[in-house]
Every structure is written in C-alpha cells, then in structure tokens.
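Presented below, as structure tokens, is a lone chain in the form predicted alone.
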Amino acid sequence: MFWDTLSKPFFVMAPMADVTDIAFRALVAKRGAPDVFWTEFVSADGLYHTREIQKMRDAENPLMRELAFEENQRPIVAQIFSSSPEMIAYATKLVAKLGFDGVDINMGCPDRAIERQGCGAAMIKNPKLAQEIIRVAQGVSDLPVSVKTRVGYNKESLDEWLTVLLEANPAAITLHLRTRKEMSRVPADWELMKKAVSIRNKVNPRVLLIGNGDVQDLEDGRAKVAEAGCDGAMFGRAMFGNPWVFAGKKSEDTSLAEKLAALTELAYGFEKLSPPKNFAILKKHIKAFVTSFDGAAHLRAKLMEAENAAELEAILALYCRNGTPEFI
C-alpha cells in the first residue's frame, strides 16, 4: 500500500468541506504537492441512496463531483462518513472502483448535523461501532483504511479511544489535537501527540500517526513532528491563501502578483466543477488570498461582488493596472 512507501516525516492535505475539491487540489498540485491528497468528506449514506444516479448520470450527482480527481493528485484518499456499516461497505467499494489509493473514515467532525447521524465526532462515544466500521471497510476492498479523529469528546481520552482504534488495525490515524468540546477555540495540544505515540508503540506499532492542528508551514510541521515523534503532519488552514505551503514557501514570502494569479486560476477551475457549486463558496479563498496589504479590504469587498471568474479576473486586472479596484 502507498502508506508504506512514504518517507518520514510526511505532510498531507487535510480534508476540508468546500475547500479541498478538485479545483483547489489542482492549484496545490502545480505548486508543490503534499505527500498525500485528501478529498472533501462525502456522505456514504448519500452515495448509497443516489446510486441509481451514479449509474446513469454521474455528472448530475454532486456527491460524485467530490470524488473526482486528476492523476497528478496522487496518492489520494477519499474521506467518507456514516454510522452504518452497510453504507460504509458500499462507499468503500465505490471508492475502490473509482481508482482511489485509500479510504479514510471521518470520526472527528463536530458539525451537529453530522453528529445527529451518529457520525463524525459522535463516533468517539461509540467505540464498538467505530471498530466495526473500520473492519467492514477493510473487508470489502484492498484499499488501506485510515481514520481521522480527535483526542476525545468532552475530555481527552486517548488511553481508551486511541487504543480502540489501534486494535482495529487501520493503516493510519490522524489525530486532531483538540477534543470535540474544544472545537478550534483553543490551541492544538501537540504535547498529547507524545502520549498518543507512546500508546501506539505499545498497542500497535505498525499504525502511522499523523498530527493535525495549528501547523503553520513546512518548517513548523517538521519541528512539531520531530518533537512529538509521530510520522507526519496534516495541513489545514495553512493551505488557505498559500497553495505553495507543501513546497516550503511561507505566505509572506509570496508576492501579491503570484497570489492574485493563483486566485484567478482557482476561480476558473472552480467554475469547471460539474455539477457546479455556488460561486459564493469561493469567498473564503478571496479572504485568504487578499489580505495584509494596503487596500486589501477594499479589494476584497469588490471581489466579493463578483459572480463568476471573468468578473473576478476583471477586477483584479484593474487593480494590478491602477492599484485600485474602483469603478468596477
């Protein structure tokens, strides 16, 4: 499996809803690819219930859009979620058929709508089902199965929760170093990764451990991994406005012209998604790319009004020519 071929430490792309789609992954791949790509997370239940659409009209199913990728986006892992072993089995077989390199099960998302389904972080409270979900996925294809989760629900519970996961023998576990209760309101506790590594070494040394939370750039990632003793780090918010992050480039070392060109490229790639997404989703990227320079707030406000890539490009062209986005 591809996990065995990675040099350590390795650095991977976080699965982020409405961020790590094929357009954003293409932007990153051209500027310095991560060691592993991840998709946005996809509902296994949704995939199952729209299976007839998948057979007849893949291009009309938004869930299948999230499972599109290009060959320069490898190795690539599809992240799925469900509390139903049957649905996980179906989605895993589909992911294997589509040619992915691995499948990852989300057991950490704190979204209430996800948790009401017994999925995401709610799985931390149901360790028996969590093990069953992992083993079902392992049994229906040759794909390596990994898990992304948190260090606990209301409080840190690595001794119990991580041990349960390790006993199911996934290929890798990504630990977001906060509890579900903490969300992202407190700094990620990388000291807990040392504890996680100790537990891993005792229970199941072959499982790879990936740290997630507050990794700023490649230099910071290397330092955190070296200090904690884990195998790699996952980059999330560090990718925003900096698709060069896996190449070792810091945001402040990138010219404004490069950033605006990347934003334009992303906008055109975003428009090609099929079926299309609402162009307003791109606003989070506009905020990330257009910041920390004189006139940034005014330019952002103008760009937020753009309804398509051509309008966004026109605003940026005027800004680059005149230093102002006015009169658009």
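Model, not experiment: these values are computed from the prediction. For every residue, the number given is its place in the sequence shown, counted from 1.
One more form of this protein, predicted together with a small molecule, exists but is not displayed; see below.
Of the residues W244, Y153, W161, F235, just one reaches the small molecule in the model of the complex with a heavy atom at 4.5 Å or closer; this is F235.
Screening 87-95, 245-253, 210-218, 135-143 for residues having heavy atoms within 4.5 Å of the small molecule in the model of the complex returns a single hit, 210-218. Contact check for K148: a non-hydrogen atom falls within 4.5 Å of the small molecule in the model of the complex.
When contacts are judged by a 4.5 Å heavy atom cut-off, A17 counts as touching the small molecule in the model of the complex. In the model of the complex, S82 stays away from the small molecule, with no heavy atom inside 4.5 Å.
In the model of the complex, the small molecule lies within 4.5 Å of some heavy atom of N106.
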